[in-house]
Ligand code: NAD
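This document opens with one chain alone, in structure tokens, the form predicted on its own.
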């Protein structure tokens, strides 16, 4: 089968012929139809400092995808051949305190598809049956391939009650944009999305009716006053990993406000913790999804009418993968899909 492989410790990927994965007794072999490129994949493509420490070539990349069930192991009786599915990319253990308590997303023994083991940038991928998520008919193939990052947005956004609240989101990447759409869909009163990339802000307006701001051109405080907010934002969703963005957020939160942190900083952040203490802010770190509650919530949001299709800006045949990664490296795309 064809697969996109990080073959060596260098920039880029190679399209190679590799063996179809073997199916264990509790495994499901999926014929991949649609994959999305994640920021993690971009880090691995560029072979940055994180990738050079975390990745052991050769490795097939990819963890955002959907496909159809092609073959099942002898112990698998919950799924049928040809069924449309997506997959939770965190393959968890069963020994830790968190895993045994049902907090699967906090299991320290987690193995990540496309990072720690061969992933889905391939014609076939094999995963444990426990990671399979059937797709409803209302979710098309392209949307089905971005449910992993959508789940990050759902997990972060629904960490706090948003109904009637004023929400500040810093970072208008695909997850930040989807978070804005979620906040509006569940009844937030005001949603402001900030980014220093005007193209991302334009894309956000195509996805949902959020307010947008480039903080390099005008201040969040002035925009907040223009929106009629006197005490600050109730909920903050930090999606950029930027020290400046996080500090801006803290300064513009109301007393006792709630902040979810999802964006990963590229370098350590210098932060005055006293600002958090004196505002009595509640901080929650977001990692992955709450397995599998986030999947249920996310699919329910889509079935109830949440529309995120415009966050997908480009779709390519997998053989055009170099064009796809080039667009992302230039910052000229939202979610980019590879079709298999």
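Numbering follows the first chain given and starts at 1. Given the structure is predicted, the values throughout are model-derived calculations rather than measurements.
A second form of this protein, the form predicted in complex with the ligand, is not displayed here; the remarks below concern that form.
Annotation: in the model of the complex, residues 200, 242 and 288 each come within 4.5 Å of the ligand through at least one heavy atom.
The stretch in contact with the ligand in the model of the complex, judged by heavy atoms within 4.5 Å, is 191-199, chosen from 224-232, 101-109, 191-199, 67-75.
Of the residues 89, 210, 258, 152, just one reaches the ligand in the model of the complex with a heavy atom at 4.5 Å or closer; this is 152.
Contact with the ligand in the model of the complex, judged by any heavy atom within 4.5 Å, is made by just one of 172, 167, 249, 182: 172.
At a distance threshold of 4.5 angstroms between non-hydrogen atoms, residue 144 is out of contact with the ligand in the model of the complex. Heavy atoms of residue 264 reach within 4.5 Å of the ligand in the model of the complex, making it an interface residue. In the model of the complex, residue 176 approaches the ligand with a heavy atom inside 4.5 Å.
Interface membership of residue 128, defined by any non-hydrogen atom within 4.5 Å of the ligand in the model of the complex, is ruled out.
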